[in-house]
Structure formats: structure tokens, C-alpha cells
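Just the one chain here, the form predicted alone, laid out as C-alpha cells.
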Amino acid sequence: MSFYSNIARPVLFSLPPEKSQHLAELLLQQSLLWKAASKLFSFEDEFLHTELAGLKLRNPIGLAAGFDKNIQFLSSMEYLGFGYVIGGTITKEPRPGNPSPRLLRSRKDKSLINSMGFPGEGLQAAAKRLQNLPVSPSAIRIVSISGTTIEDIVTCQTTIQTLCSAIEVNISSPNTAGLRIFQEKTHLLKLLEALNQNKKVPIFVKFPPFIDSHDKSMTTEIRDLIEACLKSEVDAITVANTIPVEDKRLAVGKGGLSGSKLFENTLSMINIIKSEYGDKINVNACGGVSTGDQVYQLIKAGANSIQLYTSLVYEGPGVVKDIKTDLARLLKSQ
């Protein structure tokens, strides 16, 4: 990680955030380069083997949705040692996303604020790239999909699901108009009923953050959503998306906060869900994770897997190996 922290990150961070992101994406699209370097990121240990919704994982560390929005470099990310990778979020039609500026850094907090709004090339482009990915029997590839109508989301599901290991349905982006309709129990039940009619692979649902600021408990709205997922036999929920914040530096004035500041909130949410629902539902923990000790805490709390995004930006590609090495040591100590 010293090369990244001493050389690569200063170069990337000398650019505006979105230009830096585009440069990183260009580098990540050089899959042969990352394949050649894969041994540098390799760390395997049977103590890390696990299962998520019937999917056998080499380790519980996943790449969160949003990092590879258009499925342009998923194979490169697999060379970094993830147990699974998520591409997207994919929508039926191409979208420009929100106007710029729409991505901010907070170096002090190792966090990001984004108001991207699902920019992407659309379903057909994503499906074509999935078809062209190198065949790998051990690869677990999940696709995040979303939309503002049931019909659009189902179209994404039926087009994509034969090309991936599972589907993650994003109902929780704070930056996309129209999504909140599926945060109402009746609408979510209708969506899940439609998805179940065509289901061929596991379905995950990505939740908004939910701790009540007054008593650190689960809100009624989130409890309703979990009950809907249980009733519809959803295979896992992902907890949680970015925390909505207001920031005048963004063109739309508000966005979603990710990064190290979210970890304690993530851990609290996992504890609350597991204390109420136990093993009734699988949970992917997402938010503020950057160390093996944090992953260990989340697993002890009951998380089935952990997803990373912002820590890759601040710690670099070696963070996955570092987390796995520390996690294996902690698991063995117990």
C-alpha cells in the first residue's frame, strides 16, 4: 500500500474527484495488467470461506455497487481478491446522472460525498459487457439494478440474471428521484412479487440507513421493509446505502456520505437487525469498512458479508489483501 499512499494517491488526489475517478477507471480497464499483478494481491485461507444465499465465497469481502457503474472492469477487480464483485447500478435506459459538481472528497475523514444520480450507459451496454467477461467458474458476479417503475426493474432483472450470480435491487440511493416509492412497504411488496415471478438467481435488496437518532433503534419504516423482504423470501439485504447529507458545493445541493465515519452506524444497524431477526435473513454490511478488525466486528455481530467502496479510494487496491490477512488471523485466534 506504500506505493499507492506515497505515489498513486497523491497523483489521483491532485485532480478534481470525478476526473481522478475517470483516470482510475481507465487504469482498471487494463485487465491484463491487473491479471499480471494478481499475485501481489493474493491471499487465500480456508478460514475465510463462507456462504451467502447459497453462493460459495472464497472470502466475505465484496466490492460494493457504484464502483464499476458500467461493468467496464469487473474482471480487474476480481484480481484484487474479492469474494464477490458487484457491477452497476444498472438502469434500463442510459442516464446522464445529476449535473456536476457531483463528487466531493473529505480527506480528513477519509470520506466521499456523491450526488451522482446513477449515470450509466443503460441495460443493453451492461448486458453486452457481462456476456464478454472472461469465464471463471469461481467468480461470483452480482449486478445492482434499479429504476422508478416495477416494469423497468423487472426488465433489468430478466435481461441480466442469466449473466450473473445474483441481483441486488437498489431502492435506496439518496441521489435519484423516484426511488423512494419502493421504500414504502406496499410498493416494495409489489416489486418483489414481480421479481419473484421471473427469479432465477438470488435477490438482494439494498436498504437506506435507518437508525433512529433519538433512541438508536430501528425505525418503523425499515422494520416494515424487512418484513416485506421476509414475506417475499428475499435472499439477503444490504445495509446500508450512503447517509443523506446537504452540501452547497454539490450542484444539486445534497448527496450521500460514505467512508470511515459510517462504520459505527453500520455496526449498530447490524446489531439491531440481528437482535430482532437473528438468522431469518442474510445481511451484507456496507459502510465505513477499511480494516480486518472492523470486518471481524461485523461478522461477530452477524453480518454474512461485507462490502467495500470508499476504502479502495483512500487505501488503494491492496486494502482487500490487508483486510483478509488480518481477518484470518482474528478468526483463527477465536
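Quick note: we count residues from 1 along the sequence shown, nothing fancier. Because the structure is a prediction, the values reported are computed rather than measured.
Heads up, the form predicted in complex with a small molecule isn't pictured, but that's what we're talking about next.
The candidate stretches are 73 to 81, 240 to 248, 150 to 158, 180 to 188, and the one lying within 4.5 Å of the small molecule in the model of the complex by heavy atoms is 240 to 248. This chain is drawn without the small molecule; in the model of the complex, the residue among A166, A228, L112, L163 with a heavy atom within 4.5 Å of it is L112.
For the chain shown alone, A127 is not a contact residue for the small molecule in the model of the complex, no non-hydrogen atom being within 4.5 angstroms. At least one heavy atom of N170 is located within 4.5 Å of the small molecule in the model of the complex. Using a 4.5 angstroms limit between non-hydrogen atoms, I140 is distant from the small molecule in the model of the complex.
Looking at G88, you'd find a heavy atom of it within 4.5 angstroms of the small molecule in the model of the complex.
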